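Only one chain comes next, encoded as structure tokens, the form predicted on its own.
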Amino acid sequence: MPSTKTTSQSASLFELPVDKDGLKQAILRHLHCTLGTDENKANNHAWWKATSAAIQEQVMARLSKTQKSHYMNDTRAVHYFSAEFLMGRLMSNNMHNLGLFETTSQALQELGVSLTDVMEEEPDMALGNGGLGRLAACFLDSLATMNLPAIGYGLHYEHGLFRQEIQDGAQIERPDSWRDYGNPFEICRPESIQEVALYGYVETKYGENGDIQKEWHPGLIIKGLPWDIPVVGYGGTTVNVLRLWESQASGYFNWDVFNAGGYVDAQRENVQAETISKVLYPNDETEAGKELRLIQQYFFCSCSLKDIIRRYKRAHGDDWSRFVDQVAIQLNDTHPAIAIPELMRILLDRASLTWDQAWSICTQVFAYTNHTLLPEALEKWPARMLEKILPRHLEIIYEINHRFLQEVENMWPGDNDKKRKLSIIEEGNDKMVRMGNLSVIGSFAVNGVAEIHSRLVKENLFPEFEAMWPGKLTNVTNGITPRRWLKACNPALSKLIDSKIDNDWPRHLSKLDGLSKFADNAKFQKEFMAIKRANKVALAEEVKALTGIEINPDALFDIQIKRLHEYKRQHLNLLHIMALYRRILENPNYEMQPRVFLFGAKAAPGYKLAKDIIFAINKVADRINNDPRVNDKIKVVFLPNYRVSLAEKMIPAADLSEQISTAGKEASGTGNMKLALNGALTIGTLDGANIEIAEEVGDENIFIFGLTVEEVNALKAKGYNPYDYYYNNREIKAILDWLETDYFTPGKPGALASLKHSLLDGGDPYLVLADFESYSEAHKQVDVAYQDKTGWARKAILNTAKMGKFTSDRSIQDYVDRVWKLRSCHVE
């Protein structure tokens, strides 16, 4: 087919061998031949599958060219190991990155079908939970856009985390069956199956020259079946791969047992094996749950390492001398840390390298991203569990630790406290293996994800490691892909931006700063805010459809969307909502801008207080939303089953972005970046990337409140007593006491009392009460600012204009420069 330009503005970016008629023919061909239906009886789901298949043809052609180019150039590649990849929907993203969105829309329109309706048929890929997984997805987008050789590795979850339902205000977990009807964007690769060993015992052998050799005799073998999801870079030149592993039994079915009448027992091994990739983060409150989590992590790391080595050997045979030149492995948090002893095992027991040779390779291949300052979030595994499941790996970990502690002794002679703190093994009644320490010791680079976070990693979390290896700990501030988080999810705003600055801003986000000169332009302000209101109208329709609640698009939309955790302080937001409600009840003439508070969050199934907070939000919402005395000044909405596709509707409609974590607890945050990019103002603490956002947008265009990191530490050092705030602030006392009544839960007094107890008797670990008054005052400033429509429009425009730093392309370039040392590979 002749090459055509899909739009006049994108001519410089896209030259694609497809036009509207060609795409229309491809869609009809797949409708007829792939799906066995026709345009007269096809429903929207069939049109989605046919259209996706037509788009996938373009993707696969480019994937083939990319892989050939990488092979011919023998490229160094980064391999991104992550337990989560929150990819969301791919159809819209792929069309935008290929420059085919308008072409596809026109093709379907001529076939009598709405592209908008078709896209709604696509389920979100249930491969992640929160910011960790979405960051990984943004990074894959940037790596492909920047023509950098990369592969993502993770698990092919059958159900992901869970689908959240709300029943009588409470979270109910249901399986997220995202693959019930297949997924057109993934490809099964049975030719690359790997085998993974578990359990068993280790035999010690002695060679002829007296060398000690170890042989692991596993008790169980599991198969890892790879599924590939192509990742399309912007412009469609490079297409990289996300490879996800599905667990299967090595022997599928026991005929003898079945024929003897053991119908269930015949599939027992199969069911046990498949459980490994069944769900994301199984509940680890039980011993069995802990074991499953550890097996999950080892399973995907083992499969991935074997896959990397298979590909390396195809080009270099058994010559290990170039391995460190060709392979970089990024550990996204501690979940993949078991990859370090696994690579050591392969190099020692299979490749027969010496310990020094193997350790030299390991410590030049692995790099580790730390995502948390919370000690409890740095994983630890019982040594007895490792001994049971991975006996050879525990031996290797002990040896790594033994040699490392000799280095500690050399640096701090006789300092046993240092050894205790830095050891990979935490001594006690139940010895624990510290995966955070293992990750630092086994990596050549360790990075935090925001400037303040990286500083606190050096000063508070790993100061001794910083002293031992100066320069090893560095910073790479997180970023987001503007292709999905502005161009695709907010098309009207994207077109307005196109009309004012170069249309290649999705590649070069710093060009958004060109919008700054329009911040005081009355016509541009009107256009910008008209788009915001249209997005709010669309979200109001979605809210009505999902919850039955009617909200006013002219109210201020105040949005908090993130994982439900105490440190993210959704309950601080809730207490402020209750305070506003109480003020209105005490004074019916209380003046405030009408406000809609929108929440989206999932709580881990075993995290009771987090689930209690969700319940409390919904119960307070029921009361407020149905109280005529409020006179629609406040509406509270908890949107169920928060996910990427819902975020793409909420973020463009937000006026105010809640980023209210306790200072020093949030590593970075990326929701703060997405919301600001779409013209929302931030109310937040000086935590994570909020600090850098404030630096970019200016103090007058953000609402900062609360204790700083230093003030948090000082308060805790002198002894924090939440009862001081309870007794000294009349409003705080009244709100907390309210939670113990049945006002919000008629006939059930005390149903919300766990929140009060956590804040008082529980010690308020995240200083909610200490920050409440400052938070409340910041909201009063928001209220005043929102009354000035011209001033608010100016602030919103500048928030969008100043987000250039927070593109994931910049993050990836920082990784390339500071960690990976990659080179881009041109794909014809």
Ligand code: 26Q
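These figures come from a predicted structure and were not determined experimentally. Residue numbers here begin at 1 and follow the sequence given.
Same protein, other form: the form predicted together with this ligand, not shown, and the subject of what follows.
Trainee: Closest heavy atom of Asn283 to this ligand in the model of the complex, within 4.5 Å or not?
Mentor: Contact with this ligand, yes.
Trainee: In the model of the complex, is there a heavy atom of this ligand that lies within 4.5 Å of any heavy atom of Leu132, even though the partner is absent here?
Mentor: Close contact exists here: in the model of the complex, Leu132 approaches this ligand to within 4.5 Å, heavy atoms only.
Trainee: With a cut-off of 4.5 Å between heavy atoms, is Lys431 one of the residues that contacts this ligand in the model of the complex?
Mentor: Outside the cut-off, so no.
Trainee: Answer yes if any heavy atom of Arg293 is within 4.5 Å of a heavy atom of this ligand in the model of the complex; otherwise answer no.
Mentor: Yes, Arg293 lies within 4.5 Å of this ligand in the model of the complex.
Trainee: Find the only residue in Tyr567, Trp738, Tyr607, Tyr720 having a heavy atom within 4.5 Å of this ligand in the model of the complex.
Mentor: By the 4.5 Å heavy-atom cutoff, the listed residue in contact is Tyr567.
Trainee: Give me the residue from Lys602, His96, His335, Lys619 that has a heavy atom within 4.5 Å of this ligand in the model of the complex.
Mentor: Only one option qualifies, and that one is His335.
Trainee: So if I measure heavy atom distances to this ligand in the model of the complex, which of the stretches 341-349, 108-116, 527-535, 274-282 falls within 4.5 Å?
Mentor: Stretch with heavy atoms near the partner: 274-282.
Trainee: Even though this ligand is not shown here, does it sit in the model of the complex so that Glu542, Asp655 and Leu675 each have a heavy atom within 4.5 Å?
Mentor: No, the candidate spot makes no contact with this ligand.
Trainee: Need the contact residues for 647-684: heavy atom within 4.5 Å of this ligand in the model of the complex, sequence order, or none if there are none.
Mentor: Residues within 4.5 Å: Glu666, Ala667, Ser668, Gly669, Thr670.
Trainee: Relative to what's shown here, the Cα pair Ala170 and Glu287 differs by 3 Å or more in the model of the complex. Does it come closer or drift farther?
Mentor: Closer is correct, given that in the model of the complex the C-alpha spacing of Ala170 to Glu287 is reduced by at least 3 Å.
Trainee: Just to spell it out: taking the C-alpha atom of Pro382 and the C-alpha atom of Asp284, is that distance smaller or larger in the model of the complex than in the structure shown here, given it changes by 3 Å or more?
Mentor: Compared with the form shown here, the C-alpha atoms of Pro382 and Asp284 sit farther apart in the model of the complex, by 3 Å or more.
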